[in-house]
Each structure stands twice: as C-alpha cells, then as structure tokens.
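One chain comes next, on its own, written as structure tokens: the form predicted alone.
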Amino acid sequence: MSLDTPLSALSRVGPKFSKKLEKLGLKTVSDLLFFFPTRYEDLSHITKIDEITSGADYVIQGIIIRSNTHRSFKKHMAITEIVVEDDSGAIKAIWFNQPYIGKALAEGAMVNLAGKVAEDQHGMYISNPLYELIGAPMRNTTHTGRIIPIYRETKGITSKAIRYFLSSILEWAKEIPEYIPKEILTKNNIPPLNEALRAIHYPKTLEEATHANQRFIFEHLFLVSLAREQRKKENYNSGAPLTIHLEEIKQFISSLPFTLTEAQKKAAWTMLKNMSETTPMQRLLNGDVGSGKTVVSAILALNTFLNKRQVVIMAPTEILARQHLDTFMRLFQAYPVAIGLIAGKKYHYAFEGLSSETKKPILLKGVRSGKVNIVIGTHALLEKEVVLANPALAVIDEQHRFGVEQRALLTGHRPTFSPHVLSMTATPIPRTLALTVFGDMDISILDEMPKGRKKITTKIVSPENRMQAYEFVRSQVKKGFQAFVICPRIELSESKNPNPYTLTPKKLTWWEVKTVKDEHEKLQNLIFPDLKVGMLHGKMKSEEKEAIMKAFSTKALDILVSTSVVEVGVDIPNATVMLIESAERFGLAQLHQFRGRIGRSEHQSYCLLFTTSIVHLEERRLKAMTTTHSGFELAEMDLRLRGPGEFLGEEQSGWSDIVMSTLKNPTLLNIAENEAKNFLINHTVNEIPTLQEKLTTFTSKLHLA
C-alpha cells in the first residue's frame, strides 16, 4: 500500500464503494487519510440499563437475548426487534425497514447500542440506534463507546462506512514519514504526523482532536509560507523593472470624474513601487463590490504603457471582458493606447475611445508586434496563437475562478522575464483565508467606498408582499431607473407544472423553483406587459449576450431577468433595483455580489430578497444582508456558516472543512510564517525529500499564479 494506492484496490472498499467515494473527491489512500471529520459525537460513556430515562441519548452495552425480524400487518414493513441485557436490566431496540440488521444481530452476541430512548405503553425502547458488535466488554470499538468522528456524506456512503474504511489503513499510516522538521514541531508543541492522523480520526478525548486539528492547520499555513518564500527567492531579479511616470499618473488621476479613495491611492502607489523592482510583483487586490479595483489596475496599465510594454487582462466571462474593454476605452480615450479584445469568436480593436470589430489574424498580428498595448480577453487568451511581444503586466480578474494551469499559461506569455501579476477579486476574503488560497501573493485591500455612494436598502420580501414589490419596481422604472431580477436556474429540467404561472383577479401564484425563462415570460406577459423585459443566461450565444447587455446599458430595456452571469463586472449606474428570487439558495458573498450591481450612482438603490422557504439558518443569513453592508463582515459570516468550499464557489481539493473552519487564527499564521522564513535562512526544502515531495503536491493544488 502507498498513499497513491487507489481505494478500489482495498479489500474493504472495492469498485462498488470506490465509485461512491469519488463523489466526495476520494480516489486514493491519501485522499481518505486526509479526509477529516466535520465534527465529533461523544459516545464514550456507557450507561447501565437501569440508569437510563426516556427522551435522552445513551450508549449501552449488553448481550442480545432475543432477536426477531417480522413484517408489519398493514404496510408489510420489515421490523427488527432485539432485547439487550446487561447486569442491571434489559431494554428493547427497534429498527424499521432494515431487515439486514436482524441477520447481523444474532442472539448471544455482545453489542453496543447508541441512540435516543423513547417510551410507549409497553415501556422504554431505543429507536433506530447505531449498533456495533463487539467481542468482549470494553474492547476497542470503532463506532460506539468512544469519541466518534462525523464526516461529510453522500448517497450510499455514511460516516459509519468511512470509519470502517479508515480503520483498515490507519495502522499502516504509522509508516508515513514526517515531512515537517522535528525541531519545529517540538518547539511549537505540534504533534507529529502519525500521531495527529490517529488522533483526528479516532481521538481519545475532544481535547486530543483539537490538538491534532492544530497540527494540520499549522501544516497548511507552514506549507503556504514556504511556497511564498520560495517563490520570492526563485523570482529574485527575474522581472522587468518599470519606471514610475509620476507626473503623467498624477495628471491621469486628476482627469478622472471622481476622487480616488485613500485605499485606492495607497494600493496603486504600493503596486507602482512593486513594479519598479526587479522581483516580479505578485499581488492580490481584494476589494468590496464597487470599491474601484478596475481604476487601480488602469493606473498600473497606464504606467506599463508609458514604459512601452504590453498589458494582458483576463476575465472569467465574456460579459466582464467586454465591460473591461468599455471601461479602459473610456479611461484612456485621451491617450494613444491601442486595446484589443479576444473573447470567444469576438475580436475588437479600440483606439482613442472608439472600437470596431476586426478579423482575428489582423488583431493577433498587432498583439505579436506590440502595436496592441492592452490585450483583454477570456480563456481565449490562452490559445497558443496568442503571443505577446513584450508583456510586463498580467491582470487576472476574479482569480479564484481560474485553474492553476490557466493562470500559469497566461503568465507564461513572456520571452526571458516574468511579468508583474495583479490578481483581483470582488469577493471580500478574510486575510487568513486569502493567504491560504492565494499562497504566494502580497495582499492589498480596498476597504473604502467612493464618496457619494448611498447605502443600499435591503429587505426580505414575504410571499404575501410580492405584488407590492412588483409595484415598487414599476414605480422605479417610471422614474427612469432600471431593475435586475436574478433567478437561480435557467429552466427546469423536468417541470411538474406545464403552466406554472396563472393570474387571478386577487393574487398571483407561482412555481417554487424560479427559472430565468419562466420568470421572463411571467414578468413580460403578466406583470409588466407595458415595460420592456430582457433575458440573459449562460447558454445564450455571445452575440445574444452582447446585444442584451447593450440594450440594457442604453436603457432600451427596463428590466433584465438573469442568472448569476451578472454576478461580477456588470456596471449599470442607472439600475436601482436588484430583485433576487429564491435568495436562500445563494451564499452571502454571492448575494452581496448581486447587490453590488446596483447603487453605483448617487441615486438610492434597493435590494429585494424573495424567498421560497426559510429555516432558522437561512433566516439568520438573509437578515444579515439587511443590516450589514460590509462585504468583509458578510464574508466572515459566510465562511463560518457555509464553509470555505461554498464560500469560494467550489470545494478546495485536499483542504478539509475542519482545517479551514479555524483558519482565522492570526497567531498560528504568524508562527507558521516565521518558522518558514527561519527554515529557509539556513536550509533548502530539497534537503528534506519528504518535505520537497509534500510541498510539490501541495502547491499544485494552491491558486498560485
């Protein structure tokens, strides 16, 4: 066995269960070993049967003195009943519709049962308890009689099954060599790998589980810090220093129709100084929606142009790429800056505020020759035929939406030097989490909003107030403003109601799951027949998307019904209403992104959250939207309530929720950073082969540019 051994090769797993485990991202022995619990249940205390009372949870241990499986008279449901006896008394346990349990629990066997005790006219019993057969009293157990780990589950794979699979490889795991230097572990009271693996999966106490957890948090932060410091050393003197054209930059800033915030000025100046050095800049610009990240990147782009070097800007969607083209055209219309757009099958050339479509060979020739100063695009920029002559700055918008290989390809468009890299994200990310995601980058934060912006009024709209909300939207449109309507889906794959929308004289009824196509039809035909309602979603062709966005931006449309395709990069200052259907289906960070599409002018704006169902957690989340306007505060809450995978839009391979849930630990972060720096002063990573191997694997999963 090795860490790379496929789980399908394990006798306890096999092909059948390995396919189910893949749904949890578990393919190898390593994946399973480092798949950590999300929480623990304390089933360590075994209670005597004569001490239990109805309504509470207990763990009991005894001999099965009677076992019987029969079918109910009416529903023919399989019912398994056993009676368990210890030296103080006996109690019945019942399972419904699980006939295989009766075969496993034979009379005379010793068993542990864990579950809630109930009571009826026949006395107390345990309903559907967790069970575990044991060979002798107080024997080491896996599922009961101890602190029990609970894991993320999927259909056909329970926490009990994961514990069963793990028990077969944990003994072997003792042979895995340590990769963190022993002196670092000892100095900081960090448990060694083998001990931590055993303790995090099968802790003797909850305190031991917490201590093991600290090991893996520290390990993660230590590896991030090593990667960061190593990259700095590798990149030393490999960049192209750019002269800071300070007077021209000042003139550009003074010509803007708005005043930069102090946060924008500080970030821009810091990055201009970074780019004047021989070590390539690697910086993340993390700012709230509407905080002005684009204009900061424009300042860097202008300075790069004044150094007679090229800029490449990559965005995750065609809509955002087109938005960047329009923005940069507007900002640089007084400068002889040639801008090219490569998005899908669209090729545009812009100069001095004017743009037109062009042919692919012509634009690519201009890019290769260096005549196109700024190249904007989507993944199309990664095509081999897109070759830049002298790039000095790469701007990657919404960095976490791109894969590692994609970013590496983009920043690899260079002859003999490394370009400066600016990554931007409009998702406010807490600093510690940002460091773990964007490993080797310095971080600048825009935590101020431009002057004159009004706070957006956010309200949760109950179903009975829906028609009032529609009338409010109409009143805003009548004043000359526009509105967004966001839906979680494009269409239903299988509609249970062929005609989900009907209008009665008294009220409107609607189908539970909101879809763009149905909502567009309903709003245009039933609610706002006198207004112009457009539709936008990801399955539309590029030409259609572009036409719709142009119509909305030029006020040819009053209302735009869309999916999350407008989450980032869409700038419509005239839009004052954001109506979000099924708001409970979105995370706080995403809802805040949607809200950021409005309130981009001096006019008061409104965000209306429509819900189809509210449970306690969802209500708490949505109420936070009505009282909190800071993206960073909402991000912290989103991270606590939903976890990092949901927060970032996808599960981060190799990062357990239990590790990520406590990453907001500045003390441990500082220790890890200092230990990494001190280690590299006197050593190199390749002196410890196990550390080198671990770091290589680890960095392949990090979002390093």
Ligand code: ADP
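Predicted model only: the values in this text are computed from it and were never measured. The first residue of the shown sequence is 1; numbering continues from there.
This next part talks about the form predicted in complex with adenosine-5'-diphosphate (ADP), which is not shown.
- With the partner omitted here, the residue from P450, P191, G115, G534 that has a non-hydrogen atom within 4.5 angstroms of adenosine-5'-diphosphate (ADP) in the predicted complex is P450.
- Exactly one listed residue, out of T259, T278, N97, S630, brings a non-hydrogen atom to within 4.5 Å of adenosine-5'-diphosphate (ADP) in the predicted complex: T259.
- Screening 167 to 175, 537 to 545, 294 to 302, 461 to 469 for residues having heavy atoms within 4.5 Å of adenosine-5'-diphosphate (ADP) in the predicted complex returns a single hit, 294 to 302.
- Proximity of E85 to adenosine-5'-diphosphate (ADP) in the predicted complex: non-hydrogen atoms within 4.5 Å are absent; the residue sits far from the partner.
- Within this chain, G290 lines the site of adenosine-5'-diphosphate (ADP) in the predicted complex, having a heavy atom no more than 4.5 Å away.
- Under a 4.5 angstroms non-hydrogen atom cutoff, adenosine-5'-diphosphate (ADP) in the predicted complex has Q264 among its neighbouring residues.
- Put simply, E195 is far from adenosine-5'-diphosphate (ADP) in the predicted complex: not one heavy atom of it is within 4.5 Å.
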